[in-house]
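To begin, one chain is listed below as structure tokens, in the form predicted on its own.
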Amino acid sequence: MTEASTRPASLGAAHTDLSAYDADTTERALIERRARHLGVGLLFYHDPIHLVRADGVWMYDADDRAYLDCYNNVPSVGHSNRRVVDAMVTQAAILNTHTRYLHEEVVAYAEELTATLPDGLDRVVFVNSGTEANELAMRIARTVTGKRGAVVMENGYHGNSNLIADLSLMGVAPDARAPHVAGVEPPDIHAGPFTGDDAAERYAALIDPAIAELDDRGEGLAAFICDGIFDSQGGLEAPAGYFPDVYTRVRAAGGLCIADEVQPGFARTGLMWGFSHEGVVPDIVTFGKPAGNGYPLAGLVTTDELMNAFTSRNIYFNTFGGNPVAAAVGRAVLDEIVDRDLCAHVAETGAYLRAALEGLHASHPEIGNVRGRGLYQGIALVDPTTGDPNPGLARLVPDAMRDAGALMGMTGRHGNVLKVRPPLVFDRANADQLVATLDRALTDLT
């Protein structure tokens, strides 16, 4: 069985198998060493880049060639951010230990973080990754509801532990799914089954048969878990009214609503939290990589009632989660978001970028639509004649952009959506460079 037949379409611009690389690949020797000693993993681009340093929105390879980073959501406030680095180094030189001792920095970070959330979401548990955060969120939901089942989006991704991998349907065939998982179609108003004025209601109504399916299997509904930007489904944003309707249906069935904010959280969409666009308040909010700008920091926030219900029946601790260095880093990230007014910056720059990308359609009919919010944009490539997804073209664009000095990714269940998700300090000049580079790449490829 070939590599291409066993992986999601969204990995069309990457390889997971050493045999897929040509003999003349630039860093062939380093790739072979990596394959010998690292257990699993994939590399972006068909000719991977050997990166050695980064600053702001720029990354540099071993030959000191600069690349405009239009993809990386981990260093959210910029690569090698000085405030974050200084906070990390200063605290690491004083003390780093687990959270079973008192430490002012950890408590202060929890206070500052919860202050950014709606009233009632007051209790934080710190972990190291989005996977751990979503795993704990589901444990809380199962404990509180007494049920096991979850409703998730088709082609979604929430992490890689056993439980959370079950809830991540990206690339999973229907007959290989766990009985406690029911998938529903994401609200794709561009190319999904419902695209009219009533699309939000019709997509939300898909929740009801999914809940019934879980009940029929004896699992019941513990939670609905969803990220607000529909990352692996192609960077979709929900139509107005979708989330309030879904939350009402889930809560009527006794389930909890979990907002996975690993992608949309921390100003990515132009607001601090992605769910804030939707007019809903989740029962549990999970967050991850952008919280620490690359330092392992993640967690969840929930209510007193739910946390007390969980801790009355469980003991939970995490050796490294929310350690003093992580807390210092997290506070520095929050300070950067506030002091640089990054929510407003992202909203303004994102709107500028969206208009510029949409403007390419006139000369590039292979651009079917542009979607997303803030500095998360998806560019759907299609066959201009039929309107069908065009993954064959999409898989070539990241390499062409890389060769021209700009880095972007791919996403979507058909592997036809280009993903633009730069550090939040990305500005108008960077947007202009990205759009001009994409214009040339599409011209050369078509």
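Keep in mind the model is a prediction, meaning the values are calculated, not measured. Residues carry their position along the shown sequence, with the first being 1.
Just so you know, the form predicted together with a further copy of the same chain exists too; it's not on screen, but the next bit is about it.
S.K.: Of these, 188-196, 336-344, 369-377, 133-141, which stretch puts a heavy atom within 4.5 angstroms of a further copy of the same chain in the predicted bound form?
M.R.: After filtering at 4.5 Å, what remains is 133-141.
S.K.: Taking 4.5 Å between heavy atoms as the contact cutoff, choose which of Y203, F275, F230, F126 touches a further copy of the same chain in the predicted bound form.
M.R.: Of the listed residues, the single hit is F126.
S.K.: Which of these residues, H98, R251, R177, R217, gets a heavy atom within 4.5 Å of a further copy of the same chain in the predicted bound form?
M.R.: In short, H98.
S.K.: If you check in the predicted bound form, is P48 within 4.5 Å of a further copy of the same chain, heavy atoms only?
M.R.: Judged by the heavy-atom cut-off of 4.5 Å, P48 is in contact with a further copy of the same chain in the predicted bound form.
S.K.: Against a further copy of the same chain in the predicted bound form, would S363 count as a contact residue? Criterion: heavy atoms within 4.5 Å.
M.R.: So S363 does not count as contacting a further copy of the same chain.
S.K.: May I ask you to state whether D119 is within 4.5 Å of a further copy of the same chain in the predicted bound form, using heavy atom distances?
M.R.: Taking the distances in the predicted bound form, the answer for D119 is no, it never comes within 4.5 Å of a further copy of the same chain.
S.K.: Is there a heavy atom of N323 lying 4.5 Å or less from a heavy atom of a further copy of the same chain in the predicted bound form?
M.R.: Contact with a further copy of the same chain, yes.
S.K.: For the stretch 41-55, return the residues whose heavy atoms include at least one within 4.5 Å of a further copy of the same chain in the predicted bound form, in the order they occur.
M.R.: Heavy-atom contacts to a further copy of the same chain in the predicted bound form: L42, L43, F44, Y45, P48, I49, H50, L51, V52, R53, A54.
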